[in-house]
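First, one chain by itself in structure tokens, the form predicted alone.
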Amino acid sequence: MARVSYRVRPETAVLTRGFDPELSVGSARPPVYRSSTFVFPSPEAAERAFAVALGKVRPESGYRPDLIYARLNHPNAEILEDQLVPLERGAKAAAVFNSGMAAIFTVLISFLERDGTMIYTQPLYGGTQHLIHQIIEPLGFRAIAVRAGDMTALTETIAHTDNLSLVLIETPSNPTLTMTDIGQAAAALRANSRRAMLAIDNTLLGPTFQHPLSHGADLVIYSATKFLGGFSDLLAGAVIAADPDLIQSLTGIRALLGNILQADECWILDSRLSTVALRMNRQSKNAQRIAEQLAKHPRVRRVLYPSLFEDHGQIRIRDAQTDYPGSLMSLDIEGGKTAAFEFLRRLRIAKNAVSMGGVETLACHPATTTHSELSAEEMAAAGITDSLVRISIGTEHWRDLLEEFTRALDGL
């Protein structure tokens, strides 16, 4: 562990926790530990490490077993996991994975019980919904979709679903930015006689602007590829929790699946954590200025963005559980798919690419890219139309982006 033992604030902890320079010949920052296997100090230590790893014994508080093999864990993963914890308010433990999808799959396969049912909000990221349809349901689990933001339907579905194991909420939803009340979902689950797990995909606003554990969530899931990584140059996923036992369950399954994040990517991602809040604040300020200006353009039917919510229920949720509106917006452009494609074709600063959260601005057409795996019925239920363009605002000067978007819209 790091030598700073007294309580510090998150901005400090993310640079000091989990790493001791004395263990790395004085290196000021963590090096890359490229090793697949690790030497035990004694046979007894090896026996103990395997007993803990296999769940045969429960580790004492503060005990960290010796490393065994990089598929199970390795120094860079341990350092990264320790330094992720202070970023998420209320967290005690974290686990890292080699993609956001790996993190989501490991959560589902770990906590869905035999013949169990999961509830999920719609829309989800298209890959997540495809995972549910192509793998989770064929394995025998039941999955029930509830429209994002419909708290009456979500509460009633939770109350009347047998063998409920897990509720997965993406809030705000991708790409419609619809918000779902985390606290109300947690209260509905607590009211049930048999408690199911509440997992929140917090990729779009966390960990800077939304803190699900504070509102009763059990697990917070990230595609760390996005804002945590921030430069569109690595794939990673993370799950964070207030209960270390939940993370231990996940890391046990992770060891079997072999989907731990590799040392080099852990090292890169760890180097980005101290700037997450700086980047996200700049991106959010840029996005809010741009969204509120584009909402006035005659070729834009509406801008989907949290500061422009008109529905009172959505405003209530936004004000109760988020700090700032974030950097993702969607434009509903007059003229359907043809106009949406032409808008994308005219962009030069912003790049026509999927993903989000990078320092560069990205734009895409969800109906034909990120959510193209959805059926027509699912697309309609999610509110994803051919006229919708999703934009992830970067750290460029906001006036340059606004001028580019305005010129692209003027030319339609």
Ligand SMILES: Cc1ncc(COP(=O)(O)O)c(C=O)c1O
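All values derive from a computational prediction rather than experimental measurement. Residue positions are given as counts along the sequence shown, with the first one as 1.
Absent from the display: the form predicted together with this ligand. The rest refers to it.
*Asks:* Just one of 285-293, 219-227, 311-319, 136-144 has heavy atoms within 4.5 Å of this ligand in the predicted bound form; which?
*Replies:* Every other range fails; the passing one is 219-227.
*Asks:* Check for me whether this ligand, as it appears in the predicted bound form, comes within 4.5 angstroms of all of 111, 198 and 242 - heavy atoms only.
*Replies:* No, the whole trio is out of contact, none within 4.5 Å by any heavy atom.
*Asks:* Which residue among 167, 148, 104, 340 has a heavy atom within 4.5 angstroms of this ligand in the predicted bound form?
*Replies:* Going through each option in turn, the one that passes is 104.
*Asks:* Pick from 267, 209, 125, 120: which has a non-hydrogen atom within 4.5 Å of this ligand in the predicted bound form?
*Replies:* Contact residue from the list: 125.
*Asks:* Is residue 99 close to this ligand in the predicted bound form, meaning a heavy atom pair under 4.5 Å apart or at it?
*Replies:* Yes, residue 99 is a contact residue.
*Asks:* State yes or no: in the predicted bound form, is some non-hydrogen atom of residue 182 no more than 4.5 angstroms from a non-hydrogen atom of this ligand?
*Replies:* No, no contact at 4.5 Å.
*Asks:* Is residue 382 close to this ligand in the predicted bound form, meaning a heavy atom pair under 4.5 Å apart or at it?
*Replies:* Looking in the predicted bound form, residue contacts with this ligand do not include residue 382, since no heavy atom lies within 4.5 Å.
*Asks:* Does at least one non-hydrogen atom of residue 77 fall within 4.5 angstroms of this ligand in the predicted bound form?
*Replies:* Because no heavy atom of residue 77 falls inside 4.5 Å of this ligand in the predicted bound form, the answer is no.
*Asks:* Which of the residues spanning 350-374 lie within 4.5 Å of this ligand in the predicted bound form, based on heavy atoms?
*Replies:* Contacting residue: only 356.
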